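Shown here is one chain on its own, the form predicted on its own, set out as structure tokens.
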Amino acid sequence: MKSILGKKVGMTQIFNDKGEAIPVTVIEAGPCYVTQVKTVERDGYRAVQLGFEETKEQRLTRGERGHLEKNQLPPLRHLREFRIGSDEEVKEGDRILVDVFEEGDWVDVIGVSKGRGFAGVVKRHGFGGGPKTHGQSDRQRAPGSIGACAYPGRVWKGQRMAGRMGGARVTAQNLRVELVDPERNLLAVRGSVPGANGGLVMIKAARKSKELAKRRGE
């Protein structure tokens, strides 16, 4: 099963054999524990629940402690669920380490983006704003017209306007694994991943990788 939970450490760069600098994000991935396995017969679908980052017992509710103690697991701060295929066999209590990935693998990384607060349309949606000259005094970063006159007589649903930005679940797709360090539980993927340093991320095998498309004949 190529799925794991981790914590974003930060960005740096590494050099490949050709001497090229590659920007990477370092993730502290695992160790994780299989806290629950869901089956088609009981739950209607196949999935595995992973737990990550040991914490103090008093920081968990009684229900959470009982859920983990059922498999003699330590108190874990984060619990997240991953879908698995019918050919993947996982048992409750198993330990998942970063070495489930190898250099050259393609992964999707899911995290919560940085919260930006209330933002205008230029920052939030990339609007061009109003004219920079010809006497304008307060229209430079304004949204402009948000609707027509007679029809539909209201603002269209989904109209891009100012509002709260960030703090949403985001998936960065098709990131190449550039480094795996099992001794320090570190994983480095090319490019950036969502969220702030120290934020929780979910890492799983890419759904749209080029290698997967070749195997499917696409």
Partner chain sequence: MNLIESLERQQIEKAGREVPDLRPGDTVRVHARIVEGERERVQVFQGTVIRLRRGGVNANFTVRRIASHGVGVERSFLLHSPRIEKIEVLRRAHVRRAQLYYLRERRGKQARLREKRTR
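Positions refer to the first chain, counted from 1. None of these values were measured; they are calculated from a predicted model.
Below, we refer to the form predicted together with its partner chain, which is not included among the displayed structures.
Trainee: Taking its partner chain in the predicted complex, would G10, K18 and E28 all count as contacting it (heavy atom within 4.5 Å)?
Mentor: Yes, because G10, K18 and E28 each have a heavy atom that approaches its partner chain to within 4.5 Å in the predicted complex.
Trainee: Using a 4.5 angstroms cut-off on non-hydrogen atoms, would M161 count as touching its partner chain in the predicted complex?
Mentor: Although its partner chain is absent here, M161 would stay clear of it in the predicted complex, with no heavy atoms inside 4.5 Å.
Trainee: Contact with its partner chain in the predicted complex for L179, defined as at least one heavy atom pair within 4.5 Å: yes or no?
Mentor: The answer is yes: L179 has a heavy atom within 4.5 Å of its partner chain.
Trainee: Verify the contact flag for V37: yes if a non-hydrogen atom of it lies within 4.5 Å of a non-hydrogen atom of its partner chain in the predicted complex, no if not.
Mentor: Result no; V37 lies far from its partner chain in the predicted complex.
Trainee: At the 4.5 Å heavy atom threshold, is R42 in contact with its partner chain in the predicted complex?
Mentor: It does not: once its partner chain is placed as it appears in the predicted complex, R42 has no heavy atom within 4.5 Å of it.
Trainee: Would you mind picking the one in L186, M165, A172, L60 that has a heavy atom within 4.5 Å of its partner chain in the predicted complex?
Mentor: Flagged contact: L186.
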